[in-house]
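Next up: a single chain in structure tokens, the form predicted on its own.
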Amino acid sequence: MNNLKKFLIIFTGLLFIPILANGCTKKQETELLQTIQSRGKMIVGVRYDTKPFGFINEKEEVKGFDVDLCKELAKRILGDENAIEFQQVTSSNRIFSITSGTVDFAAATMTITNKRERIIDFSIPYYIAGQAVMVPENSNIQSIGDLSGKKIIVVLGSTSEKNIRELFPAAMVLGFRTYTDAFSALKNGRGDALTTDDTIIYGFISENKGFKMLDERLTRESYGLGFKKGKEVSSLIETINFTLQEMMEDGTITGLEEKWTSDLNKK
């Protein structure tokens, strides 16, 4: 009889383990937005080398389109535009920063692609960019068709790298981890051209004489905010998507475009 009692107690306990586990899972599934609200701030990954979207100014402050966008999200969701902490990410580590939970999400000139959507989730698009090519003003490269067989500088982990390798397999690709290093390589003559989003190239050209951007574009690409996959993030994504849509409808995002990119587009 004693053995029967022990068996029933153990068996009953085993039945409750899945129930307890499911309860813990459900609690975790709704956690990120609540964690942000309890913490009182968002932790966001941004680029420090992609002017005008994310860069460090003369006062060592983080500035740019993506920075202002996230401050507005913090203002509307948490009630304070300063309820935010920015952490530096690069093309090569931004997805890991998202999946590891180092940041709540990333606003890092990240193009929405099918490959990336298998690893992370995206917000609705908030900006449309085009992949362009920058060359020295005295370059003999006059069009995209002249890139074949040339040494092309890219940033590792970017869609620009992927596109160049696919479109110009005969080109020699020289990769760097940051745009600052990539542009320095172009200035020093280590490559014939640099390719990335037109908005980033506009930023370099606005501060550096002797370079130009080719008129043609390789692609048109939509930027999205990147999030870790999982049910625990779904309420945060829904809230941010709703807020982004609201910002589009009330003209806030158009205002950010005018502030950060309109002067560049006139060049």
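So that there is no doubt, residue numbering starts at 1 and follows the sequence shown. Bear in mind that the values here come from a model prediction, so they are computed numbers and not experimental data.
Although not depicted, the form predicted together with a small molecule is the subject of the following passage.
**Q** Can you say which of 236-244, 36-44, 53-61, 197-205 gets within 4.5 Å of the small molecule in the model of the complex, counting heavy atoms only?
**A** After filtering at 4.5 Å, what remains is 197-205.
**Q** Is the small molecule in the model of the complex close enough to 97, 99 and 120 that every residue in that trio has a heavy atom within 4.5 angstroms of it?
**A** Checked in the model of the complex: no contact with the small molecule for any of the three.
**Q** Although the partner isn't part of this model, could you tell me whether residue 179 comes within 4.5 Å of the small molecule in the model of the complex, counting any heavy atom of the residue?
**A** Heavy-atom contact with the small molecule at 4.5 Å: present for residue 179.
**Q** Against the small molecule in the model of the complex, would residue 227 count as a contact residue? Criterion: heavy atoms within 4.5 Å.
**A** Looking in the model of the complex, residue contacts with the small molecule do not include residue 227, since no heavy atom lies within 4.5 Å.
**Q** Taking the small molecule as it sits in the model of the complex, is residue 223 near enough to touch it, meaning that at least one heavy atom pair lies within 4.5 angstroms?
**A** Heavy-atom contact with the small molecule at 4.5 Å: present for residue 223.
**Q** Quick check on residue 71: any heavy atom within 4.5 Å of the small molecule in the model of the complex?
**A** Residue 71 lies outside the contact set for the small molecule.
**Q** Counting any non-hydrogen atom inside 4.5 Å, which residue from 136, 175, 157, 125 sits next to the small molecule in the model of the complex?
**A** Contact check passes for 157.
**Q** Please pick, from 190, 150, 165, 116, the one residue with any non-hydrogen atom lying within 4.5 angstroms of the small molecule in the model of the complex.
**A** By the 4.5 Å criterion, the partner-contacting residue is 116.
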